[in-house]
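The form predicted alone is given below as one chain in structure tokens.
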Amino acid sequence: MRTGLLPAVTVLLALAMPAAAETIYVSNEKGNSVSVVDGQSLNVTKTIPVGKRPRGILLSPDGKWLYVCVSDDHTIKVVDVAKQQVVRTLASGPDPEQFVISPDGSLIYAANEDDNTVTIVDVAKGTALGKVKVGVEPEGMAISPDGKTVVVTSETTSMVHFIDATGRNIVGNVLVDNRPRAAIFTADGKQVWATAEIGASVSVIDAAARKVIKRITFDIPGVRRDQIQPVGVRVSRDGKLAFVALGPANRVAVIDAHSFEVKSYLLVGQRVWQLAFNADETRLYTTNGVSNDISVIDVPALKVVKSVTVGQAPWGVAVGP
């Protein structure tokens, strides 16, 4: 089993974990669709066609709209959550991969891998307000809790760029390890955690000083170092734990976010890519791109309790009510 647990143990854990009244949305990169998973039954209830090569996915702050980066169509699709269908198309710039939304839901910042820019999108109008030139192959994006600072990682440049949201210009650059893929602010806005896929590390950056204060590496018994490729990252709201998807290592690393020590590795599906908490952070969902499923992690127990088959090559995940 991909969970690494005996079947009977898995069933007991699943029964012990309370059913969640939530909906999980998964972008299927090769399936050209979004899978909708019911949080209570953990069954796929709908598959929504969205276009060619969907990757980044997020919900509006009010939970009414689902935004999907449809990379090969060079657009952002808007799904009406109530209707579960695409209702609008937003400008995005070429090849949007990941994006973030302002706290008030009015602006989207999309990383454009093909032309090394971040496009700023007016959500209401559906048009681009402008672009910020960044490093080569931008991908991972994060926004500070107050919405004043946007962060983007550039894979080939191996940098994390800090963008002033008001001035719409770069105000700082931080060199990290090779091929940074994802970034996230801590809930207090004091740190940015950035993963480096080829560097096999996570850089913890002081957001105010814009300097790396800790480099976290990984060592998994029985797993080759070249298979340890950090991609998605999430830090709990209370700042106690961080979770890092380790790609072909098929593990999620659990990190003490205060000491920066790796506590454990959770065996999930094949080529774990992105991850997302539910609202109360009792569950963490991971997308597993090769095994075509998502893994469900019971966060308090730090146990993988379920895998759910979704579409082809699941990439991104978002969780709503």
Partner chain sequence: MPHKGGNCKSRRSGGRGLLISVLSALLSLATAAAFAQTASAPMTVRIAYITQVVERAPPLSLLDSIPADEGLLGARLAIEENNTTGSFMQQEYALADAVVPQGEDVAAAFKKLMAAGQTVFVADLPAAALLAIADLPEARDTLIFNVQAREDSLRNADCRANVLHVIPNRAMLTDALAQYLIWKQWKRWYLVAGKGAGDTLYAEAVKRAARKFGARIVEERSYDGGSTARRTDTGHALIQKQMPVLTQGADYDVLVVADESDLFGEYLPYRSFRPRPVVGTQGLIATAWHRTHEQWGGTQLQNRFEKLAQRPMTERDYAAWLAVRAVGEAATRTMKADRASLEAYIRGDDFGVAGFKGQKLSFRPWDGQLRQPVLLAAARTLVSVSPQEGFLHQRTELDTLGFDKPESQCKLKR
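It should be emphasised that the depicted structure is a prediction, and the values quoted were computed from it without experimental measurement. Residue numbers count along the first chain shown, from 1.
Not pictured, yet referred to below: the form predicted in complex with its partner chain.
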Next on the checklist: If the cut-off is 4.5 angstroms on heavy atoms, which of these, 142, 123, 120, 176, is the one near its partner chain in the predicted bound form?
Outcome noted: 176
Checklist entry - 217, 84, 236, 116: which sits within 4.5 Å of its partner chain in the predicted bound form by any heavy atom? => result 116
Next on the checklist: Which is the contacting stretch out of 204-212, 85-93, 131-139, 186-194, given heavy atoms within 4.5 Å of its partner chain in the predicted bound form?
Outcome noted: 131-139
Next on the checklist: Check for me whether its partner chain, as it appears in the predicted bound form, comes within 4.5 angstroms of all of 30, 224 and 229 - heavy atoms only.
Outcome noted: yes
Next on the checklist: Can you tell me whether residue 159 touches its partner chain? I mean in the predicted bound form, with a 4.5 angstroms heavy atom cut-off.
Outcome noted: yes
Checklist entry - Within a 4.5 Å heavy atom cut-off, is residue 170 in contact with its partner chain in the predicted bound form? => result yes
Next on the checklist: At 4.5 Å between heavy atoms, is residue 283 in contact with its partner chain in the predicted bound form?
Outcome noted: no
Checklist entry - Taking heavy atoms only, is residue 241 within 4.5 angstroms of its partner chain in the predicted bound form? => result no
Item to check | Partner contacts in the predicted bound form for 189-217 (non-hydrogen atom within 4.5 angstroms of its partner chain) | outcome: 198
